[in-house]
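Next up: just one chain, as structure tokens, the form predicted alone.
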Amino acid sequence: MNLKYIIKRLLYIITTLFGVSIITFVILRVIPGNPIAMMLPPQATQQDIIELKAQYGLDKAIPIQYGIWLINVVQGDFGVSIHMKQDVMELVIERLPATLELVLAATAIALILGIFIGTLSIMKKDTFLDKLGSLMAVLGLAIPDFLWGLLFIIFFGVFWHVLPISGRIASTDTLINITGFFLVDSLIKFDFKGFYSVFLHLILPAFSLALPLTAIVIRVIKSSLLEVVKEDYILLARVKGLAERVVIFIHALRNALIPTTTIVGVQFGFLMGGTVLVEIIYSWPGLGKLAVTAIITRDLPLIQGVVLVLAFIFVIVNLIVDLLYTFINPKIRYG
């Protein structure tokens, strides 16, 4: 990996975050609504409003407000939540592991199902299994994640009562919070009862979030494999008498994973921001639910903090995806 390329990408990340911060800051201050008025009782005087605006720095011009906020952010100070009266970064860090755990689980499910079904469809081309895989891809894209969530709640929670439909862990169970990732924390403490409870609570929201991505992975894998199997080295492997599953899984799939990695990397960032409805449906205490609360209460510092953190995760994941290319295919080099 070329050091010059990495430095260039890091500069790109800084520029992107700077642009996101400007857009978010300006939009939040020009849209209708007054967060100060929401904090004060109806009988508040004009003097009360002026004093509270001064307290949060909202009495200054927007460029000055942004300059002060940016200087503080560079120093690690994202401000104090207007609604919750807590440090913004503390709130974000507290909720971030719940969202990351959900998104990572959904991504893992999507990759496993998508790669398996897509590859099986190519191996069993024009058979019932191929048509079933195509149907799953269509349904996965046609039904949004929040609708999958509602369907899962109705069937698995209301009708059959086999899986929990809210929260991260049963109310009767206690778990020592170490990393914020409940699956990890329960294993660290060898709390297998807690692990089982967390695992059950994770199934429905993770599958709700994973199914649309699974459909995308199926389509990309099938499309990539159809191109790869035409290559000369695949023909040579078949001429040598290798089993079809060996040809596909060992030789073809490695190159077919490159475009899949790109798609999953991009979609991971969208999943981070797209967990909002799923977290609301399942009462999942993550960053998405926090963002909704911040928007409803017009909590400007909290909204800015959440958006900037999500943007940072998005660009970092895309950088990691680029670095993974050279691992999947050593022939790829960046200059």
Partner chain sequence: MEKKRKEKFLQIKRFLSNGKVLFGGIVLLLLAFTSISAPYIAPHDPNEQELTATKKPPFWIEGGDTNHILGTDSLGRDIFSRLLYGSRVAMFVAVVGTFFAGLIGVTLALLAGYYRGAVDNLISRFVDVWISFPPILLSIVLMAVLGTGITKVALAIILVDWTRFCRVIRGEVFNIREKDFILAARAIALGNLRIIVKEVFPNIVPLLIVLVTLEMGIAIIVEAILSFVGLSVEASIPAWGQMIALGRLYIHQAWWIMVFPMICIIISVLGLNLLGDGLREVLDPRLKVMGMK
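Numbering follows the first chain given and starts at 1. Quantities reported herein were computed from a predicted structural model and do not represent experimental measurements.
Keep in mind that the form predicted together with the partner chain is missing from the display, and what follows is about it.
K.L.:
Mark residue 323 yes when one of its heavy atoms lies within 4.5 Å of a heavy atom of the partner chain in the predicted complex, and no otherwise.
P.N.:
No - in the predicted complex, heavy atoms of residue 323 and the partner chain never come within 4.5 Å of each other.
K.L.:
Although the partner chain is absent from this view, report whether residue 285 comes within 4.5 Å of it in the predicted complex, heavy atoms only.
P.N.:
Result no; residue 285 lies far from the partner chain in the predicted complex.
K.L.:
Even though the partner chain is not shown here, does residue 30 get within 4.5 Å of it in the predicted complex, heavy atoms only?
P.N.:
Contact check for residue 30: yes, within 4.5 Å of the partner chain in the predicted complex.
K.L.:
If we define contact as a non-hydrogen atom of the residue within 4.5 angstroms of the partner, is residue 219 a contact of the partner chain in the predicted complex?
P.N.:
It does: once the partner chain is placed as it appears in the predicted complex, residue 219 has a heavy atom within 4.5 Å of it.
K.L.:
Using a 4.5 Å cut on heavy atoms, which of 295, 64, 70, 44 is close to the partner chain in the predicted complex?
P.N.:
So the residue touching the partner chain in the predicted complex, by this definition, is 295.
K.L.:
Please pick, from 93, 138, 187, 162, the one residue with any non-hydrogen atom lying within 4.5 angstroms of the partner chain in the predicted complex.
P.N.:
For this set of options, the contacting one is 138.
K.L.:
Would you check whether the partner chain, in the predicted complex, lies within 4.5 angstroms of a non-hydrogen atom from each of 104, 115 and 225?
P.N.:
Looking in the predicted complex, the three residues 104, 115 and 225 all stay beyond 4.5 Å of the partner chain (heavy atoms).
K.L.:
Have a look at 190-198, 95-103, 208-216, 82-90 and name the one stretch with heavy atoms inside 4.5 Å of the partner chain in the predicted complex.
P.N.:
Going by heavy atoms within 4.5 Å, the stretch is 208-216.
K.L.:
Between 267-301 and the partner chain in the predicted complex, list the residues on our side with a heavy atom within 4.5 Å.
P.N.:
Sequence-ordered list: 267, 270, 273, 274, 276, 277, 280, 281, 291, 292, 295, 298.
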